[in-house]
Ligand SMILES: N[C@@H](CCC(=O)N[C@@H](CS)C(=O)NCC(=O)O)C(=O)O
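Taking the form predicted alone, here's one chain by itself in structure tokens.
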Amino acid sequence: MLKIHGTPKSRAFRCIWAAEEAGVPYELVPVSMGTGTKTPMHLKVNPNGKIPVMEDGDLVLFESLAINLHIAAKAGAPLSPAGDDMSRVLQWTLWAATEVEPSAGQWAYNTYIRPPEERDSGTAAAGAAGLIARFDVLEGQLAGRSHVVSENFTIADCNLASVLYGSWSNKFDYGGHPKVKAWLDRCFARPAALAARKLRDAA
């Protein structure tokens, strides 16, 4: 059985969702953000002192999106497709991490995560502008297809949508990107996503 170390209110949410999509049994090992990640026991599995961490037998992985790729591979297609589509999954997963998440973080920290007195409106605006630029790309990718890689939901959808969960749940203005908004709505209404969201809401 997989062990996912973390809390559902962290990036572990992504891995819980992936495990639910894959139908892979998992155990959630509670680790809180902050001091919980700095204990000697946790640092043995992730020397970066962060969550999540996954254990699958002798394999230990950190980095949430890498964990998700591993989980999806256990399930196979369509979650983890073969051939060129798998290369596309990798492309969009890396795009989520390198292009989308930095802007999403800028906007989130300065919109709803930090206390109001610590927020910077200029940084929030820069993050929003960065997200809009990426949504222009994603809107084009979703033209003529219901999901990012193909008509099937793949781990690329899980990875990219989970990076955008904060913007979606905190009412980012998707007005100029109806296909992106409809895609996110579909992703987060999936039974596996609803199960992960329930755990997140209860944490």
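Residues carry their position along the shown sequence, with the first being 1. Here the structure is a predicted model, which is why all the values come from computation and not from measurement.
The same protein has a further form, the form predicted in complex with the named molecule, not shown here; the description that follows concerns it.
Worksheet item: Does each of Ser10, Thr37 and Ile51 have at least one heavy atom within 4.5 Å of the named molecule in the model of the complex?
Response: Answer is yes for this spot.
Worksheet item: Should Ser64 be counted as a contact of the named molecule in the model of the complex, where contact means heavy atoms within 4.5 Å?
Response: Contact with the named molecule, yes.
Discussion item. In the model of the complex, is there a heavy atom of the named molecule that lies within 4.5 Å of any heavy atom of Met33, even though the partner is absent here?
Written reply: Answer yes; at least one heavy atom of Met33 falls within 4.5 Å of the named molecule in the model of the complex.
Practice prompt. Tell me, please, which stretch of 22-30, 171-179, 56-64, 146-154 lies within 4.5 angstroms of the named molecule in the model of the complex when heavy atoms are compared?
Written response: Contact criterion met by 56-64 only.
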